[in-house]
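Here you get one chain, nothing else, as structure tokens; it is the form predicted alone.
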């Protein structure tokens, strides 16, 4: 086993790890050695092919199909230089003040988090698309919501030089999406931070990270040869592997024995992908896929509606049934309007990340009756939006028939019964994984303090979405970066003490 030594080791290179690396990079000028250990590969530019199955295998854990313990949900989260920012659509919202207040984390103030978040909006070129660049899928969503009187907002997105490939979720082939792989990581490396790809951390013990470097057969070679390494952090370890992987790593490392909330209170924004068929082709599979969201039901029914575009494999698996009707709808793919539903789920202690006998993460998550009520209400609302936008028929996962025709638009409540909204009967997914290392007051209610420092372990920090004590109620990307910015400041503030 080979040995390596640094002052600061950051595990993960996504929104949290990339932001923390960039903010800590100026310390390199003073001789501080910093490494980022990333389990995924750094793809070569020509390897961003846009082929759905190929890119899913390269950029997602389990090809984007990780199952919860009860197999009722699939979870998608990235594995790459840049983490999930490589496969994220780039929608960039700052946290509402009332959500931060509900979190009630000592020392975490809305004004501070908002200021830090705005900094990343500027760094990552977040802006609104001009109207003439919106595709039909987004225009139809706006049309339907407006006709029904639903409140709609446009998503700010983090692109530069977008060529409208619509391949955001498969890794932009045109270098347009400004994730950490395009902005923060290159800046950190320019200042002296080392990024080690294909490097999975299996355990942390007394500032030593046990790691395994592999060759996946694609991407740029890792700076280190394949093999096992012990990487010592003389000062600080920062866990930023995402909600599932950070919690699982700390559990494997024995921290759960004194941190009873480790892995607990995860939230997922359970999601549905719904489709409505129009009688003409619509521009869905080019143009930016996500331009609008509807928060009409945010407070009343705890869900958001968003525009989306998914490619054939993901779309097919989210339809219910099989055979002739399924095939008929998939052949209509060029005419499909799509809506993504996000349910705003509660933080429950028994919804958690655990590890199996081999140390691999297991997501133990139960869809509560309240969340199922939310998913039902969201299906009704989405179906109404489709028909208001002019769809001739809609496929709703809990409907009594595979198709609901426009002539039956007045019978939606009858045709989509709540009794059909059951785990395992409808296809539910999530890409917003939060919690597991929640911030709070002390070990009795949390894993870290408001600055991401693990209770009782001054050399260990967390800087990713696992810090969220409850769900974000919005797309969490910018909030993760804002929190990571705080973590980096805390480390810099304590640098003298830690380096002594």
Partner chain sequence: MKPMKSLSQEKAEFLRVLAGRIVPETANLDAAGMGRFFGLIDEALLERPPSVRRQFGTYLGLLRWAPLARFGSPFEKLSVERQDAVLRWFESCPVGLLRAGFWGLKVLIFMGYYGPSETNAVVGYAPERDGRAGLHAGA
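None of these values were measured; they are calculated from a predicted model. Positions refer to the first chain, counted from 1.
Beyond the structure shown, there is the form predicted in complex with the partner chain, which is absent from this document and is the topic of what follows.
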query: Exercise: residue 287 in contact with the partner chain in the predicted complex, heavy atom 4.5 Å; finding: yes
query: is_contact(residue 51, the partner chain) in the predicted complex, heavy atom dist at most 4.5 Å; finding: yes
query: Proximity of residue 256 to the partner chain in the predicted complex, heavy atoms at 4.5 Å; finding: no
query: Residue contact check: residue 132 to the partner chain in the predicted complex, 4.5 Å heavy atom; finding: yes
query: Heavy atom contact within 4.5 Å of the partner chain in the predicted complex, the stretch among 173 to 181, 300 to 308, 243 to 251, 268 to 276; finding: 173 to 181
query: Candidate from 354, 261, 117, 165 lying within 4.5 Å of the partner chain in the predicted complex - any heavy atom; finding: 165
query: One residue of 160, 411, 147, 425 in contact with the partner chain, assessed in the predicted complex (non-hydrogen atom, 4.5 angstroms); finding: 425
query: Stretch 258 to 284: residues contacting the partner chain in the predicted complex, 4.5 Å heavy atom cut-off; finding: 283
